[in-house]
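In the form predicted on its own, a lone chain appears below as structure tokens.
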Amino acid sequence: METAAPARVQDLAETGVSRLPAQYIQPPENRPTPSPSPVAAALSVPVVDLSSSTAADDVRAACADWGAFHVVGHGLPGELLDAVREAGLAFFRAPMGDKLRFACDPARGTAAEGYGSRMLANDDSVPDWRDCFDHHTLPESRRDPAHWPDFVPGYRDTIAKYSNSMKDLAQKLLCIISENLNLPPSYIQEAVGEVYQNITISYYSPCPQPDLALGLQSHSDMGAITLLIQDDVGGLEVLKDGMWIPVPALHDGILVILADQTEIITNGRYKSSVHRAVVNAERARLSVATFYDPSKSSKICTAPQLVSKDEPQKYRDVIYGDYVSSWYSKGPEGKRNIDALLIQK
């Protein structure tokens, strides 16, 4: 655990700063757009009812057109989703001294478990206006609830139960995605191998100059699939046809975000979704992202069934650990890391 913790965004926000500290100011080209264009405002992320007879077709269309979609009818009780959000809020509203007992250790590298603020290894990058708590939840050999807060009643049991439920949902979705591509139902699961799951609760404090900052910079996720819930504040945006589309919260819905390894496995038939988080001056926002990733030793390859003379292989094979190292050292910048794997024709 950290001994000399860096400043937390929440600490800065609660001091009542009237101007954004210089290190958080994004370059002009990365700053949020003041308001969506009429075309962007008319678009919305698809909603798929997994209990519907058309669910598979709806998932196919959402994957092909968006790479991100809400699911309802997923079978997870709304009470569990609420409990996770409430546990996260209780943690971030606790005294700083309690939170720092569970601070991540920078010596353990990027994505270290615990309470932190900075995502990237590169200290020269513009930091996000965000604090977070990262839980290592699967495989169970990585799961040690002693690293999770003990001062929020029921926190550890809630995260463990949520972890197991989200694993089941992710695997159900990957089966549907595989079958939609005429692959065996378990194909993508087996290509990913033993699942490495992290659950990250992010807290975006009110920002004094939200037009100059980002809560989370533009990126596509590095793993296979991400499942996200959020509160009712809003701030998540996905990139669609060059436009940033707001993703309003759907209280009992879960947002599905395709990630880079699924794009590689599907030979680009389904693209990973570029997304970001914007902030506001009035209300804090909370989100919970569950990442379904390969182990770092896994070799990720395009499904040979999706390669042909007319559709040659688009991406080089990659060891997932090498991909992760590149992502964290260079920074995401949209899809720069997966683009680096493109085979030049």
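In this text, residue numbers run from 1 along the sequence as written. Just so we're clear, the structure is a prediction, and the values are computed from it rather than from any experiment.
There is also a form predicted together with a small molecule; it is not shown, and the following applies to it.
I'd like to know if Phe291 sits close to the small molecule in the model of the complex, meaning any non-hydrogen atom pair within 4.5 angstroms. Within the cut-off, so yes.
Answer yes if any heavy atom of Lys271 is within 4.5 Å of a heavy atom of the small molecule in the model of the complex; otherwise answer no. Looking in the model of the complex, residue contacts with the small molecule do not include Lys271, since no heavy atom lies within 4.5 Å.
I'd like to check something about Ser287: if you look in the model of the complex, is any of its heavy atoms closer than or equal to 4.5 Å to a heavy atom of the small molecule? Flag for Ser287 set to yes.
Verify the contact flag for His135: yes if a non-hydrogen atom of it lies within 4.5 Å of a non-hydrogen atom of the small molecule in the model of the complex, no if not. So His135 does not count as contacting the small molecule.
Just one stretch in 148-156, 70-78, 175-183, 215-223 has heavy atoms within 4.5 Å of the small molecule in the model of the complex, so which one is it? That would be stretch 215-223.
Looking at Leu227, Val192, Leu236, Cys104, which has any heavy atom no more than 4.5 Å from the small molecule in the model of the complex? Comparing distances to the small molecule in the model of the complex, the residue within 4.5 Å is Leu236.
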